[in-house]
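Starting off, we have a lone chain in the form predicted alone, written out as structure tokens.
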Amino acid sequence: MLEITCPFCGPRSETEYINGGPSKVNRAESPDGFTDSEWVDYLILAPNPLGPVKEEWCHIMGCSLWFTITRDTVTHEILPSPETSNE
């Protein structure tokens, strides 16, 4: 189980949060040129990269704050980032 640090409430179990998905998902640059197959890929197929990914999380069982963390999708380690760092 992950331990996620809320910037307001501090470290808490992942059961207190909801994952909002990857941060800043790219939008289609020229949607008029998409085929039906390309639209299906764009709308339904989510990228699932290996390694560090910025994700949006909401502390629903606490302060309800949305924040960004960087999580390694291979190890599930939460990595330091400007959004979560206290430096």
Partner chain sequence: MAKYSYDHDKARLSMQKYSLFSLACKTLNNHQGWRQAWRTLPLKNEYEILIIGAGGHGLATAYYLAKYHGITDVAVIEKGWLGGGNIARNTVTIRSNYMRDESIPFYVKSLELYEQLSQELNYNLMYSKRGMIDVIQTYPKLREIKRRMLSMHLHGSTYKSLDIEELRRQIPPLTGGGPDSRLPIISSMLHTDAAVCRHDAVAWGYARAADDYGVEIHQNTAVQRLLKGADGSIEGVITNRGKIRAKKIALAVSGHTTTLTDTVGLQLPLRTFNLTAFVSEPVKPLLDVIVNCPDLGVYLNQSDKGEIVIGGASDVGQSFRRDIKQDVFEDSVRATLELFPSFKRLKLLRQWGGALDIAPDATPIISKTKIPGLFVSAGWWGGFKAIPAGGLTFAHLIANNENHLLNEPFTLDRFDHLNFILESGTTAH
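Since the structure is predicted, the reported quantities are computational estimates derived from the model, not experimental observations. Positions refer to the first chain, counted from 1. Take the two forms, superpose them, and find the largest set of C-alpha atoms that agree within 1.5 Å; that set is the rigid core.
Not pictured, yet referred to below: the form predicted together with its partner chain.
Participant: Is there a heavy atom of residue 2 lying 4.5 Å or less from a heavy atom of its partner chain in the predicted complex?
Facilitator: Result yes; residue 2 sits at the interface with its partner chain in the predicted complex.
Participant: Would residue 10 show up as a contact with its partner chain in the predicted complex if we use heavy atoms at 4.5 Å?
Facilitator: Taking the distances in the predicted complex, the answer for residue 10 is no, it never comes within 4.5 Å of its partner chain.
Participant: Is there a heavy atom of residue 70 lying 4.5 Å or less from a heavy atom of its partner chain in the predicted complex?
Facilitator: No, no contact at 4.5 Å.
Participant: Could you list which residues of 37-52 come within 4.5 Å of its partner chain in the predicted complex, counting heavy atoms only?
Facilitator: Residues within 4.5 Å: 40, 43, 44, 45, 46, 47, 48, 49, 50.
Participant: Could you tell me whether the Cα atom of residue 46 shifts by at least 2 Å between this form and the one not shown after core superposition?
Facilitator: Superposed on the core, residue 46 moves its C-alpha 2 Å or more between this form and the one not shown.
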